[in-house]
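First structure 1, then structure 2: two forms of the same chain, each alone, as structure tokens.
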Structure 1
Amino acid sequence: MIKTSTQNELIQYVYNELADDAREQLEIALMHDNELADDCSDLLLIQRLLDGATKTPSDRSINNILNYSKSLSLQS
């Protein structure tokens, strides 16, 4: 059973928010704890999938925004 505090550190580790000393300790734990390593692997997989789930807006919308900004600059 993995402690909740360790699970939270695992989340911070996966998202690169763990302090250096805590990260080193967790990486040592990952080498010796298969359950923790499996959890880490699963989290990284879902994270990568979520990162890939972005949507791109149309060029027309982007041009509208940029043109609006330019028009304001011309007025001032």
Structure 2
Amino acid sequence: MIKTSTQNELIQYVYNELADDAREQLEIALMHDNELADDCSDLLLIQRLLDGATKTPSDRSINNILNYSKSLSLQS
């Protein structure tokens, strides 16, 4: 019997954090369940998009933080 996989297990699988035995069971389930495979494919796509996302704050955000910090030091 194939174990029903949860969203958490799929996320762990995508990030290679699933235990070996659970990974093997999930891979078997992926071969037999098209909906599960589609969900996994979606998560892999989302992972790639997140990995490519901007990881630095905008100049405006930096300036806002610096200005706030300066205003606190002027109040002292």
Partner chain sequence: MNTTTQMSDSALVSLYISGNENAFEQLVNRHKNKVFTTIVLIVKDTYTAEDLMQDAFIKAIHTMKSGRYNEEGKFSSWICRIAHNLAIDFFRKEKRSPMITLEDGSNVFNTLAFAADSAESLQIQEDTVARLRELIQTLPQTQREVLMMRHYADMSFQEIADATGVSINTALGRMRYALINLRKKMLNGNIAYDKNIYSE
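The structure presented is a predicted model; accordingly, all values stated were derived computationally and were not measured. Between two forms, the rigid core is defined as the largest C-alpha subset superposing within 1.5 Å. Residue numbering: sequential along structure 1, first residue numbered 1.
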Given the two isolated forms of this chain, which one is the form predicted on its own?
2
Is A19 one of the residues whose C-alpha moves 2 Å or more between structure 1 and structure 2 after the core fit?
no
Given a core-based superposition, decide whether the C-alpha of P57 shifts by 2 Å or more between structure 1 and structure 2.
yes
